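One chain follows as structure tokens, the form predicted alone.
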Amino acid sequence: MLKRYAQNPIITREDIPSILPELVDVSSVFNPGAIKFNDKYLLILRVQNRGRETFMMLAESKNGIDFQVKPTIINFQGIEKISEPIYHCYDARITLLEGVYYIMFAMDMETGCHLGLAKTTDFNHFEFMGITTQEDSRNGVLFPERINGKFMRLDRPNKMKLAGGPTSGNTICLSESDDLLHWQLVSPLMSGRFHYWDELVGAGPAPIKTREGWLQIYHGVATHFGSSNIYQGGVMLLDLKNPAKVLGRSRYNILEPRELYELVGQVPNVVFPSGAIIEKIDSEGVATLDSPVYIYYGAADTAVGLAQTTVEQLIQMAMI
């Protein structure tokens, strides 16, 4: 359904510069958040070292394909004030909202996984704003504008205990807030489809505004195979004025593990779309139908891949 870049993966562990003592000959890089800033393509990468410690790093590109990873670790200023131990921060989702770039990310803590929020205006300095969930949750992403005066977010409460694994979830929810820090559930939005490709689900990149609705790329996990869970990509379309209303949802996955770098790695059989960049947006901030879309994804929790499509094709796939 999507066209992979022929030279995938576009970022591997060999591309991560050494930073003593934490990052030397790292194990993996995956699940990037993506945004366009000052005519450059930026990725916030999840990097794991040989101790399986997690760091976030910034990569930039002039063409969206050839990335240079900056030799610094992102420091969220103020996060050190959190008294509870934080084990990992990862899987950034980036949204431009009212002139500020917000980064929502998962935080593994003593009390479970929570959603942290940070902001930046220059991608040099990052301010930690706070923890935005009280219950175990993951896959949080902000809408790029207020709707009916409220900030809106997609999130995925973790209410299921996987056999031999962590808690997870099979329902994407819509939440609203007045201040970006305190959130209330609006409604469950979409649940997994038992025995099919998306039994477990979670939101991916920031929703894309089109005249037909909000395009939301998500991941689905098929868990009913004896050998392995299979992570895939899908897309849904939400009503512009009432995003609690699902207008369409892809019956079929739009990206599945097929290439060797997606099938073999730290976690086999994974494509995990977490970043998307839209090339053409009109004067009203709406993506045009013919706009190319660059979708960045984690491959086997080991490397970063790129797949390409258009806004129109995504809408069509959401309505199948």
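All of these numbers come straight from a predicted model, not from anything done at the bench. In this text, residue numbers run from 1 along the sequence as written.
From this point on, the text means the form predicted in complex with ligand BMA, which you will not see here.
Enquirer: Among Leu289, Ile281, Val69, Val267, which has at least one heavy atom within 4.5 Å of ligand BMA in the predicted bound form?
Expert: Looking at Leu289, Ile281, Val69, Val267 one by one, just Val267 meets the 4.5 Å heavy-atom criterion.
Enquirer: Using a 4.5 Å heavy atom cut-off, which of 89 to 97, 124 to 132, 69 to 77, 190 to 198 contacts ligand BMA in the predicted bound form?
Expert: Comparing against ligand BMA in the predicted bound form, the contact stretch is 89 to 97.
Enquirer: Let me test this: is every residue among His114, Arg153 and Ser175 within 4.5 Å of ligand BMA in the predicted bound form, going by heavy atom positions?
Expert: None of them does, since no heavy atom lies within 4.5 Å of the partner.
Enquirer: Would Glu312 show up as a contact with ligand BMA in the predicted bound form if we use heavy atoms at 4.5 Å?
Expert: No, no contact at 4.5 Å.
Enquirer: Heavy atoms within 4.5 Å of ligand BMA in the predicted bound form: does Asp301 have any?
Expert: Residue-level check for Asp301: yes, a contact with ligand BMA.
Enquirer: Could you list which residues of 226 to 264 come within 4.5 Å of ligand BMA in the predicted bound form, counting heavy atoms only?
Expert: The stretch touches the partner through Tyr231 alone.
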